[in-house]
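Subsequent text provides structure tokens for two forms of one protein chain, presented individually as structure 1 and structure 2.
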Structure 1
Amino acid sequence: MKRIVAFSVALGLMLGASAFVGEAQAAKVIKIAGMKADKEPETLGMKKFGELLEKKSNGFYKVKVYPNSSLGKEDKYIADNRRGTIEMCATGTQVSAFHPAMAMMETPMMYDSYAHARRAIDGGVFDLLTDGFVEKSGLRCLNMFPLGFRHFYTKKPVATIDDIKGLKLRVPNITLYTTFAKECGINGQAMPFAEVMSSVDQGVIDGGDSPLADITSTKVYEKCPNITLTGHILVIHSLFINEKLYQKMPAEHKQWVNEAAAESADYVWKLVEEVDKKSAEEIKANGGTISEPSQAMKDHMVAAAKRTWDMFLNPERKVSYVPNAQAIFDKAASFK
């Protein structure tokens, strides 16, 4: 009996895989949706993934990259990716709505440098964060790569924490970010990234915080030219693939996808510091000011960040509690 069952399973897998290959003798199109502009690390990573997958599959896969929220704002394209109408997407802690641990990718003040973050993520943090994610979301997280550390951009110069407290600042509509803003004493205005520029123009916000690459790609520095280098959160994004699609793929195709994801993340880790440097030059060349925060402001941000960590550690914070949070913090700290 066991042998008959094993044979049927093997036959089913073979037929499933060959049906998948047979389905599309012409190139199979993979659409990837993202939210950032053309030259930003997220888009560069998506494009690199596409090039690599097309090459590895000898043209079997044709990858079409849709940056800049051109397939909708992040909530919409994540839902489409889960549904399977979009094959892949790039996003970050927005997916913590399904699995709170994913917010810990961007824990404030957890990493001292890009090198520290990379060592930790590759050294086990990735596995701890994504444990159980696919079952809850229907999405497979393929990699993690940096977009940059977040810094404040504001219409008025910021010298002290009180200057920041008096401003209306945009924050992503994600529990991690709204909680951190509250702990900092910031008047956070939650909205998607795609609404930042119109909100600055309409006076709905006085600024926000973003990696330098976002500050230049949106040209928000033209309206908010004061950049304060707090570096309080390292933004990490990932490529996600619809899990049903991934499971339909033959083993060799899965391997191409996994390799292309790992190699494209490697590419972004290597270029992000250069992107920071060029972005800073562009801001300064266009009249922006980049300044270091005072020690008191830095201390305030660190203390607010540490209080924010409680959202992951405390079982009473039901929505954001992460059962393996301490293991994640310990693992990240062990790579300092």
Structure 2
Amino acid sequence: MKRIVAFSVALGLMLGASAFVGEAQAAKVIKIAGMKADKEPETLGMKKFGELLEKKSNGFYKVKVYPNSSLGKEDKYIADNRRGTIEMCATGTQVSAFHPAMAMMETPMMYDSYAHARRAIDGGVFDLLTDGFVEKSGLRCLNMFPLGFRHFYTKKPVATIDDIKGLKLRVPNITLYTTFAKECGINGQAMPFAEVMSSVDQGVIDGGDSPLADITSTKVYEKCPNITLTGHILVIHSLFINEKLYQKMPAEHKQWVNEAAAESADYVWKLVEEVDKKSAEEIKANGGTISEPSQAMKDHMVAAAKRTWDMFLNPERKVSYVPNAQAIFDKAASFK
């Protein structure tokens, strides 16, 4: 009788393992969708993740990267990732539609430098931002990495507070960004980044704000050669994986995914600073100027940012209110 029971248990385990192998084989190819161009830090980070996961799994997982919105725009590939049509994606604050705290990844004037941001994110900000996210979204946030600090690019030099007041600058059509521009006294013009060049030509805008990598990749410095290093917003993106897929993985597979995500984020953190340096050299070599804002302008923008923070702190702002917002601000400030 004992032998029969033992045989039945062993057979059950074998059948269970076979069933998982079948599932794993079906999910062996992992597709990652992103919005950035092929050679930009986000895409390079996704490719690094793929290399690492394939190596750690000894080829068990094959990762295919789809950059430049080749699987659709952000809202589409996020929805596909949630449904499980694709396994992973890279995106930023767009996921705040499910969990408002994720918008705080790009809170204006929260970080003084890459080093400060890295210390804060690794030191607890990541955990505070993502607390409850997976339950609301069906996605697991695996890491956070920078795409660069946003700086002004303008037709005319920007040296004082008066220079930015009333300035017509392109801003992303995101409430956080448009609110901050308004608080700064900027005449924010919400539009897709793809429309910047034609809008500058037509006089619709006087410039905009972007990470240095975006300024050079589009060569917008040819039309707006004055770059002011305000660093007012650090653009943060993450890798996300479908939670149901993640939970089906054996513990060892989850470890491979987690390690690959952490190591690929390390790679991007280092890469972005190198890209900033090369971008600055390109701008200068092509006749552009790069300058630091005055202390008065910095103080003006910090005050404007703190007024913007109300959208997270005020319970009456139901759409954007984040219950643990003050804890996030305090945690970030503690690492300055």
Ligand code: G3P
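Owing to the predicted nature of the structure, the values given are computational and were not obtained by experimental measurement. For numbering, take structure 1's sequence and count from 1. Definition used throughout: the rigid core is the maximal C-alpha set that superposes within 1.5 Å between two forms.
- Looking at the condition given, the form predicted together with the ligand, one finds it describes the source of structure 1 alone.
- Taking 2 Å as the criterion, residue 237 does not count as shifted between the two structures: its C-alpha moves by less than this amount when the rigid core is aligned.
- The rigid-core alignment places the CA of residue 70 less than 2 Å apart between the two structures.
- In a rigid-core overlay of the protein, residue 252 has its C-alpha displaced by under 2 Å between the two structures.
- The two forms line up on their rigid core, and residue 286 then has its Cα shifted by 4.3 Å between the two structures.
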